[in-house]
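Just one chain follows, in the form predicted on its own, and it is written as structure tokens.
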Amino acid sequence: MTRLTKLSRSIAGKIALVTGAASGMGRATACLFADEGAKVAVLDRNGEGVATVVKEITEAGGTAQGWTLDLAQGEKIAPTVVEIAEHFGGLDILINNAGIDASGRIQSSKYEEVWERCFTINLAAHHRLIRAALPYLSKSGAGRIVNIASTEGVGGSAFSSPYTAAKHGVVGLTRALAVELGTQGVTVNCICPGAIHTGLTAAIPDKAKETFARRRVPLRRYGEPEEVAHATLSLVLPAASYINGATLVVDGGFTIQNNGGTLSPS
């Protein structure tokens, strides 16, 4: 029997752009990719955070360069992507991680404002980055796009309709572009994180997190950013060349639990 071919599980030498990379899951992804030998473009609106992550990577022996950009400034996205690609000599991987929380009742007087900003950053920025990166990803020969959505993209919660709708949009964008861009050799996949220890959840009291996890998450804990980063890494490996249009939920079992009941606290 013929042995299996050895598909590579290394991204050494690949060029990756990670948005929202100054903290949380973005930082973990940027650092992990750099540890795996990739050259990383660290992009975030927090300039100080960008500098910190770049320093962290380079001091560990990795290669990284930082760019400060608020993705709400849509007209600046394409020029920044071009600058990144020219700096590194191409682009192989795009991780659309940047996002904001957006909650509120639909009757709120600020609902339209919240909706607009949420969709601008959590969805429109994704397609703008993809459109700008596509010429380089197509030339890569193994272009990879991973969009970071949320379990809200496969479910729904009260008082967060702008966020939930935008994250459903990310899942839909992923699926449509997987079909469209697959002919160009570019795969498009999606990660849906659940309850993760990040800046977006930092304001939640520890006791509330413990209670939520005990009742709603089969693993009975919040996830760590690095756990999401490793899931993201798995989708950009050369060996993942036939994974396209997938939505990978990273939530400790939250979305599959029957919410009609709760786990025993014991």
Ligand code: NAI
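A residue's number is simply how far along the shown sequence it sits, counting from 1. Here the structure is a predicted model, which is why all the values come from computation and not from measurement.
A second form of this protein, the form predicted together with the named molecule, is not displayed here; the remarks below concern that form.
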Inset, instruction - Sort through 175 to 183, 106 to 114, 145 to 153, 132 to 140 and report the only stretch with a non-hydrogen atom within 4.5 Å of the named molecule in the predicted bound form. - result: 145 to 153
Inset, instruction - Answer for residue 162 alone: is it within 4.5 Å of the named molecule in the predicted bound form, judged on heavy atom distances? - result: no
Inset, instruction - Indicate whether the named molecule has at least one heavy atom within 4.5 Å of a heavy atom of residue 199 in the predicted bound form. - result: yes
Inset, instruction - Give a yes or no for residue 58: in the predicted bound form, does one of its heavy atoms lie within 4.5 Å of a heavy atom belonging to the named molecule? - result: no
Inset, instruction - Answer yes if any heavy atom of residue 70 is within 4.5 Å of a heavy atom of the named molecule in the predicted bound form; otherwise answer no. - result: yes
Inset, instruction - Find the only residue in 123, 195, 84, 171 having a heavy atom within 4.5 Å of the named molecule in the predicted bound form. - result: 195
Legend entry - Of 188, 98, 91, 118, the one that lies within 4.5 Å of the named molecule in the predicted bound form (heavy atoms): 98
Inset, instruction - Residue by residue through 9 to 25, tell me which have a non-hydrogen atom within 4.5 angstroms of the named molecule in the predicted bound form. - result: 20, 22, 23, 24, 25
